[in-house]
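This document opens with one chain alone, in structure tokens, the form predicted on its own.
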């Protein structure tokens, strides 16, 4: 009987152990299946015969399967891999400029198919999307967020148009959801939170430098909102960009600065340049043509222009190591696409510069109304790095780059006048198209201490008056809100349009001046938005496999493309009191107190004694002689 019980217990133990631990054959079959999936993915990468979306989907599916199979639970055999919840792409575009400088643009894109604004949905799991930004979106009901930090000024006439423009200093504009009741309160709290996230001075944004544009800043994502009450726009033109702003920006990347293209982001090289701009753009986008599924897009961009002379180079020769002091060794493991593009449009036969190593992969894209050709280096392929397992692109110029084609739209601004009472703001807009006229939308935000005289506003084109077809003006309130001026102006072909307005400088309180008031006060850049006629047909199919740098702004018409141009910020001097007078008053007061109080205190505390007058010299000599002779002294 005991033997029967022991045998029964042994059978039960073996049965449950077989359920808890799969057999070696099952484990071997799973490993072989996993290996086969990996081999199929590598074959797709090598052959390149599958579309980019299918490749990304297979990669994410393989990752989920590996995670599920690594789990030792007994139900792992029946689980099916869930579709990927987020995707990550990274790109670097290198464009040689005609001035001999070189322009490098980094694009990092994270897609997450979730909806923060859906009622009753709480997001608590974050994989690639940064949790700090996700909590900001859900807490403050943000529909779109665009923030940029820029050091330097983009020289359009020398470098052409950038992929994503930004003004000098800090710029922030946000679209809130229409369910927000207190937009100003959310805006104030949002700026304070973003100030802590990016280690910037965004907490200085308040109602005195915040405006609500009615037409200039439309949503770039889903929806065509027209209620500008939920839009806030502000700039800090004096904001200084430094390493403390770059470090939190890099931490938002899935791989940080440890792998992928982010290893090139070395602060001492990036800030030793002519132009540097980093930005974060968050918006809802569609995942397919019919927009049946939506996703949140986080796009981090970094643009930098390296100058030939400030870099200390004596010849026109650039490489990744000379620009960033590092080379590329691998792609980000979490990235579904990691590529480097080099613009060779002006170098079809290699007569302008030599690019090494050479690559057989070429790509064409319509960027800013022009068809460009790029050499593509796919970091997901092992042959890209060669035997040294390192990619160091080298561009060596052979001859003169020639003259650059003038951009079709350009703008600049300056202050005229003399004295410290009145002045005049001049905004000049250039239409360099030889035969096409097109409208532009000009937005100006002027601080309240520059009191504009709108009756002096004039718009002239080719020495003739050019009446704007739309004008929206919101006057300023002292110490409460700035001026806001928006105009729709028709630019004649091949013309220069000048917009002038006079202003008067206000007197500030002595507590409202900056620590260096004689340096002047900054006025933010003007914003010029326009649909510029395109030289080639633009593609309106947003689902097409396009590079990131050519798919940021949605294209709705084949004959034109959207361009936003920022002018220079203004530096205006205000009537400034002599702040050295308090120092002089303190010195004079201390001197008077020291002399007066010292004399009075001396008179009160001094003791007086009566001194007898000394005898004459003859009497003193006589007493001396008498003392020697022992005779009594004279009285």
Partner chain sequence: MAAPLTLLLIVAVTIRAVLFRSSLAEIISERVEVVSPLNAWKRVVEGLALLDLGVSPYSGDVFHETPFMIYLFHFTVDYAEIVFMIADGITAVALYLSVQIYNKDVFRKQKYALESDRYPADCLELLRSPKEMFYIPLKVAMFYLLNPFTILSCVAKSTCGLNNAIIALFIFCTLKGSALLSGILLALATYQSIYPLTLFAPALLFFLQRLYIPVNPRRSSFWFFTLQYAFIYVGSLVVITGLSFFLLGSWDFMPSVYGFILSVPDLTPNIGLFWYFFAEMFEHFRLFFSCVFQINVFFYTIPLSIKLKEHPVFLIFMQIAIISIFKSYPTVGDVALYMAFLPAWSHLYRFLRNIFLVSCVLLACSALFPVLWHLWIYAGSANSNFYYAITLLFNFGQILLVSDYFYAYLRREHHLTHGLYLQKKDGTEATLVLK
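Rigid core here is just the name for the largest C-alpha set that superposes within 1.5 Å across the two forms. Quick caveat, the model's predicted, so the values are computed rather than measured. Numbering follows the first chain given and starts at 1.
Form predicted in complex with its partner chain: not shown, discussed below.
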- [ ] Establish, in the model of the complex, whether 420, 504 and 581 all lie within 4.5 Å of its partner chain, using non-hydrogen atoms for the distance.
- [x] yes
Assert contact residue (its partner chain, in the model of the complex, non-hydrogen atom within 4.5 Å, options 248, 475, 223, 492) equals 475
Answer key, its partner chain contact in the model of the complex at 4.5 Å (heavy atoms) among 408, 452, 528, 344: the residue is 452
Counting only non-hydrogen atoms, the one stretch of 520-528, 408-416, 454-462, 549-557 within 4.5 angstroms of its partner chain in the model of the complex is 454-462
Q. With a 4.5 Å heavy atom cut-off, would you call residue 481 a contact of its partner chain in the model of the complex?
A. yes
Quick one: does residue 509 come within 4.5 Å of its partner chain in the model of the complex, counting heavy atoms only? yes
*Any of the heavy atoms of residue 576 lying within 4.5 Å of its partner chain in the model of the complex?*
yes
query: Going by a heavy atom distance of 4.5 Å, is residue 471 a contact of its partner chain in the model of the complex?
result: yes
Please say whether, between the shown form and the other one, the C-alpha of residue 575 moves by 2 Å or more once the core is aligned.
-> no
Taking the shown form as reference, the Cα pair residue 519 and residue 583 shifts by 3 Å or more in the model of the complex and sits farther
